[in-house]
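Given as structure tokens, the chain that follows is alone and in the form predicted on its own.
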Amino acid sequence: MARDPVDVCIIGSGAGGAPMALELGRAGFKVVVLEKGRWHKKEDFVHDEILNSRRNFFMPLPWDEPHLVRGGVDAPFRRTNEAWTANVVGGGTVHMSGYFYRLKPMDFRLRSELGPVPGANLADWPIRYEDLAPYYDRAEEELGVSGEVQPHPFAEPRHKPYPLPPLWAHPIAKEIDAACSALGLHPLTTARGIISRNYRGRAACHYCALCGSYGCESDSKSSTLAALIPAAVATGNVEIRPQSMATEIEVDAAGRAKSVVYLDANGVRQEQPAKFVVVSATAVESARLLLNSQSGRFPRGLGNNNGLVGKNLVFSSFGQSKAIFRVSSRKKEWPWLSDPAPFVQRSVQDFYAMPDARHGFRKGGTIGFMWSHPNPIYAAINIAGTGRRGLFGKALKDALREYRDSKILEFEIYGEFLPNDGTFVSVEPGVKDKYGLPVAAITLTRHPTDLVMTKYLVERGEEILKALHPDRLERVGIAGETTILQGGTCRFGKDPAQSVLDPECRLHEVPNVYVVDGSFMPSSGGVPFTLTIVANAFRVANLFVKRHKG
């Protein structure tokens, strides 16, 4: 059934879609936002690990809506729910931890900075940091970001302070500061998408410790659900339509998008005509939607006549180590160790870029410190282990007792993920989801330089942990990737032969279709993507209004 036409149909309500909805609604455009997930209220967010982390509250079940993943073009695919973010109004911003770093000026000119890297598809961005900086300011203000501007060798230029002071840090932050200073490093207060004071009608954080993997029951987390969507709806021009699964973008005889086909909550086919379509379903799912939107004009998928949709997929390179402190043995030395403050609030970016290639890489990333997530089931499963290394009986009980007597300080690496020909998204016609649609198939091949870099950064992070003299140090991994941080599948650029989107994030081949999730990013940078996606969406919305406001 065809619905009444609107000016703009936005697919997805997360970091990219919500800023567009807000700005276009404020400018007077009639907007419909299609979101495949439910629209939760803050009362729905409870501290239930089984509900939130062991079921399909955020992520779909792999037998209902699988992603296919393989480690290289010669490997078989396996079904997984990896590379899903969150199928709810607000998207992945609802269950994020809210680590909000900006990219650095060099991230926008990585090809020029590094030169050609064999096996990597490096490209400079068609904009510069200076072009995005005002929209970083805007994103931080609209969302509500807590932080402190500090001098640093890789500090990005800023014209404004953070809108809110930093969150309260656990006393161990001072120990990390001392350890870093002794190593000649420059620890930073981590900026967070969590409000430290009451802000725009939202309550300040009450330090519950359950940010990542959970929604926020007080609206203190700066998700688009809490910060942007209510303001968008309040314009009177924006309708959020939850449980609406977009299946195809249809085009007219001239090759311009004319409508979005979707399945409503009852599985009934609907059609939303619109003058413009904005796609923001995550880099993987947006590529899938475009590839599945085939027509006589676009037999390989919408905007894909150059064959680049889905190519150059990037995640964030990942590494991790943990320091275990036994509270009973350290309580005289560090009586505050059992302090329940949930946030460590420290990062290190001294290795964001290297002056030369003596260590085997030039572009690095960020080391972020945090307490281990307190989910007890997750912890118990990891402690018990599997197979021959699994623990049983007294050994398992002793390990669980040790865990209960421990504080676990860990760090994560957010590192550059070099785009390459072996990492991309396609669709698999032979495997369909519960909607009857071909699913996204992810081929993942790591550039060897990434692994050299993550190993180096993990070793540097471990030096900091060792300086704290923990009871035990445990390396988790040096060669991973964070698949909820994703971009690159519709990279933007000035040359239609080398990119999918123009600098305004419009499809080169279909100029009334915009893509504003992480798909536009030619490179991953050495920080989480979320703040950059929000900032870019505000930038694109501003350009949209200037171009189309009559």
Partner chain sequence: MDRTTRRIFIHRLTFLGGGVVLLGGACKCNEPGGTKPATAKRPPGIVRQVLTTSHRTFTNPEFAIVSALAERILPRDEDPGAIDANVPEYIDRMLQSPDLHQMKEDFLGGIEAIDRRARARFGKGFTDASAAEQDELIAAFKDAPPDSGEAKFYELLLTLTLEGFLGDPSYGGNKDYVGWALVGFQTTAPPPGYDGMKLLHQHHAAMHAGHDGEP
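These figures come from a predicted structure and were not determined experimentally. Numbering follows the first chain given and starts at 1. For clarity, a rigid core is taken as the largest C-alpha set superposing within 1.5 Å between two forms.
We do not show the form predicted together with the partner chain, though everything after this point is about it.
J.: Taking the partner chain as it sits in the model of the complex, is residue 27 in contact with it (heavy atom to heavy atom, 4.5 Å or less)?
T.: Because no heavy atom of residue 27 falls inside 4.5 Å of the partner chain in the model of the complex, the answer is no.
J.: Does the partner chain come within 4.5 Å of any heavy atom of residue 254 in the model of the complex?
T.: Flag for residue 254 set to no.
J.: With heavy atoms only and a cut-off of 4.5 Å, decide whether residue 159 touches the partner chain in the model of the complex.
T.: Residue-level check for residue 159: no, no contact with the partner chain.
J.: Classify residue 213 as contacting or not contacting the partner chain in the model of the complex by the rule of any non-hydrogen atom within 4.5 angstroms, answering yes or no.
T.: Within the cut-off, so yes.
J.: Is it the case in the model of the complex that 64, 95 and 217 each bring at least one heavy atom within 4.5 Å of the partner chain?
T.: Per the other structure, all of 64, 95 and 217 touch the partner chain.
J.: Taking the partner as it appears in the model of the complex, which of 402 to 410, 124 to 132, 171 to 179, 458 to 466 has residues with heavy atoms within 4.5 Å of the partner chain?
T.: Heavy-atom contact with the partner occurs in 402 to 410.
J.: Answer with one of 307, 153, 393, 296: the residue that has a non-hydrogen atom within 4.5 Å of the partner chain in the model of the complex.
T.: It is 393 that has a heavy atom within 4.5 Å of the partner.
J.: Could you tell me which one of 230, 385, 165, 448 places a heavy atom within 4.5 Å of the partner chain in the model of the complex?
T.: Checked against the cut-off, the match is 385.
J.: Listed by sequence position, which residues of 343 to 378 have a non-hydrogen atom within 4.5 angstroms of the partner chain in the model of the complex?
T.: Heavy-atom contacts to the partner chain in the model of the complex: 373, 374, 375, 376, 377, 378.
J.: Does residue 386 move appreciably between the shown form and the other one, meaning a CA displacement of 2 Å or more on the superposed rigid core?
T.: Shift of 2 Å or more: yes.
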